[in-house]
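Take a look at this single chain, the form predicted on its own, given in structure tokens.
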Amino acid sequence: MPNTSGHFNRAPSALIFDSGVGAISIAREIRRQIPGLTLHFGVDNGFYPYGNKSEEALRPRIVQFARAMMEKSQADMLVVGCNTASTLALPELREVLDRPVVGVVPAIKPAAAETRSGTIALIATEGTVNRIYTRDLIRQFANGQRVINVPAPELVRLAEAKLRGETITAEDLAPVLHRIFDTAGGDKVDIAVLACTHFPLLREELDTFAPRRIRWLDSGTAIARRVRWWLNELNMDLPDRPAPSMLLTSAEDTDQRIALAFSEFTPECHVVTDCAK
């Protein structure tokens, strides 16, 4: 049963924020590297998905809800587990919060350093693919290399379907794989950057159904390392086991889809809705 008492041990904690359940890929890596850290989850399901919303609508909403969820959870740091939110609102979040903010950015820098063919596929939502922030990362770290932009908004839906127990087929992934491998330069791609936190949830299926083997690179490991760095900076000692989690949503989770998706982290969970009120 959910813990509804509202009382939490003041063990070190982080709030992972996203519009959906894609941040599970980040949470799994943080839990693997830092098992004693308490993880709270903030889900702006009332505005899901972020990938097809305008920057003008998204930026103030991200700041509003992430800030409100940080206040509710009393977390020690915010992890923005969403590439769209990170590329839009990190400066504003760092300005309004008095706690560390860790963002997720496309893993273009390590991909550019590790590619042998000089050709990288950047798989992201349409907003992230086209954002100035992303183009600046490419200019800074992948200058002189070929980056094939692959918009793949349908992978968000497929990742959430997988978390509900549905089977993802070769037919489901065929359009995205076609955009990677059957475009100009696609035969040279040796690393694909999964630039949305939903996408690593489909790594096994992408690898299985791809026409040849390549590396699928995401930011989870780097984000977990950054969280650990902040814990050291803040001189926070971790217990052997994390405290109970909070699951905060911006709208009612009427079908329990979100609660079920996060159940691996939240066996005892205090659920809070309408978090900006």
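Residue positions are given as counts along the sequence shown, with the first one as 1. Bear in mind the structure is a predicted one, so any value in this text is a computation, not a measurement.
The same protein also exists as the form predicted in complex with a small molecule; that form is not shown, yet it is the one meant from here on.
This chain appears without its partner; in the predicted bound form, the one residue of T115, S73, T125, T134 with a heavy atom within 4.5 Å of the small molecule is T125. Among residues of the shown chain, C196 is one whose heavy atoms approach the small molecule to within 4.5 Å in the predicted bound form. Remark: P49 counts among the residues lining the small molecule in the predicted bound form, judged by a heavy atom distance of 4.5 Å or less. Although the partner is absent here, A192 is not a contact residue: none of its heavy atoms lies within 4.5 angstroms of the small molecule in the predicted bound form. Though the partner is left out of this view, C82 does reach within 4.5 Å of the small molecule in the predicted bound form, counting heavy atoms only.
Shown alone, this chain has one stretch from 246-254, 27-35, 206-214, 41-49 that lies within 4.5 Å of the small molecule in the predicted bound form by heavy atoms: 41-49.
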